[in-house]
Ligand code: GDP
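Shown below, as C-alpha cells, is a lone chain in the form predicted alone; questions about how it binds or moves come after it.
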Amino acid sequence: MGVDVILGLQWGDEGKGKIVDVLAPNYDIVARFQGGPNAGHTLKFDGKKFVLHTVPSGIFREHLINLIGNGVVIDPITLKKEITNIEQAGVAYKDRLLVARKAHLILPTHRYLDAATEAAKGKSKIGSTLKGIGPTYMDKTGRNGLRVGDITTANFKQKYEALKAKHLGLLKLYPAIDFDLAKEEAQWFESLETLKALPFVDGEYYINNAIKAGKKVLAEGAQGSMLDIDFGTYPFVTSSNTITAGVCTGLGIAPTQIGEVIGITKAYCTRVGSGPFPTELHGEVGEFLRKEGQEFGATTGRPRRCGWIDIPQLRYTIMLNGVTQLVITKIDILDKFESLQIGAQYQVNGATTNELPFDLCDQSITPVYEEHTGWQQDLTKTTSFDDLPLTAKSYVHRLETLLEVPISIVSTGPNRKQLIIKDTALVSV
C-alpha cells in the first residue's frame, strides 16, 4: 500500500496537525519522521484544544497506531506532559503509541547548550526554540548521542554521564546563563519512567512489515519545508530534513514506498523567528493578518510574522517534495479583505524570476504581486466548494494554475468539520 506523506510547504505552522487528524481514519498507522518538541501541532474538536509536540496527530483516533520514528528527537519531559494531557482527555493510548528504539534523546544539557549558544549570538540569533533540538542532532551526527534503546542497557547511566560531561565542558566556552541543571535532571529522570512504559519497537522493521501486510501508513512531518537543513533558508533552518526525503531516513523505508505527497500551505504566509521572508507585510495589513489568524507559535507563543502567499517559494518546495496534491488552510482569515495580493514572481538583481536564489539572506528580493479581488464573506460555515463565493473559488483556481498541482482540500477554520473536500477523486474523508 505504501506510505502517504503530509508535510508543510512554508516555514511551518501550516495546519498539518488538523489535516493529519482529519485524514487519519483512512490509515492504520500515523508516523512522525523528524523533528522534536520544537514543533507544535494544534488540534481542535469537541470544544477542546490540544497541542502535540512529539506524539503523532492520529492519537485521538481510536484503534489507530501512532509511531514516533527514529528521525525524531525526544525530550521525555515534554513527552510526559503531552501524555498527561492525553490521559486527562480519556484517550486510551498505551498500546497505540510506539517509539522507535533508534530515536535520539534530548538531555537537559542539550537544552542548556541550546540556550547558552543562542544567548551568545546576540543580534545574530537564528530564532531557536531553545528545546535542545540542534545540540541533539549535532550529537547524533557526531556519533555520541543517546538513543531510546540505550535506556534498557546496563550501562545507560554511564553513557548519560559521559555525554553530560562533554556538554559541561562545551558550556565553559560560553557566558554563564541561568539554568537549574539539578532541577531539570531530576525532572528528566522522573519523566523517563513515562517513556519507558511505552512499547519500544525497531521502527524500520515495524513499518516495512506493516507495509507488507497491506497496512496504510501516513507519515507526518514537523515544521515546514523552508526550514529543511539542506534546502531551507540556511542558516535560519532546523536541524533535520523536513522534506519528503526525510521520510525515508526518518522511518527506514525505501523511496519506492512513497505514495501520495500531500503538501499543506496557508492561503497566506507566516514565519516565526529570524530569517528571510520575501512577502512579509509590515504595518497594519501584517498586524491585521496576525490578529485574524491568531498567529502565535504553538510551541513558543512568539508572534508570527505575516505576509502574502509566495508562489516562487511554494513552487520550490512542491518540486523538492514531489507534491501530488495540495491542501489550502486558513482561507477564512482572508474573509475581510477587499483585495488580496499573490506574490507571483521575484525581482532579483533587476531580473524577473520564478526561482529562489542560492541565498535569500544576502539577496535583495522584491516580490512581483498579482492583485486579486476579495470575497468579504464569512467562509467558516461553508462545506462545499460550489458554495464558495465566486471570488474565493477564483482565488483557489488561480493558486492551482500558478502552482500546477491540484488542490484537494480547503480548510475554512480550526475545527475538524470546518473543511471543504474540493476533489473527491484525490481524497475522501
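Since this is a predicted model, take the numbers as computed values, not measurements. Just count from 1 along the sequence shown to find any residue number.
Below, we turn to the form predicted together with guanosine-5'-diphosphate (GDP), even though it does not appear here.
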Residue-level question: is residue 408 within 4.5 Å of guanosine-5'-diphosphate (GDP) in the predicted bound form, judged on heavy atoms? no
When the contact criterion is heavy atoms within 4.5 Å, does residue 44 count as touching guanosine-5'-diphosphate (GDP) in the predicted bound form? yes
I'd like to check something about residue 329: if you look in the predicted bound form, is any of its heavy atoms closer than or equal to 4.5 Å to a heavy atom of guanosine-5'-diphosphate (GDP)? yes
Is residue 304 near guanosine-5'-diphosphate (GDP)? Define near as a heavy atom within 4.5 Å, in the predicted bound form. yes
Report the stretch among 173 to 181, 329 to 337, 139 to 147, 197 to 205 that approaches guanosine-5'-diphosphate (GDP) in the predicted bound form to within 4.5 Å, counting heavy atoms only. 329 to 337
Applying a 4.5 angstroms cut-off on non-hydrogen atoms, the residues of 14 to 32 near guanosine-5'-diphosphate (GDP) in the predicted bound form are 14, 15, 16, 17, 18
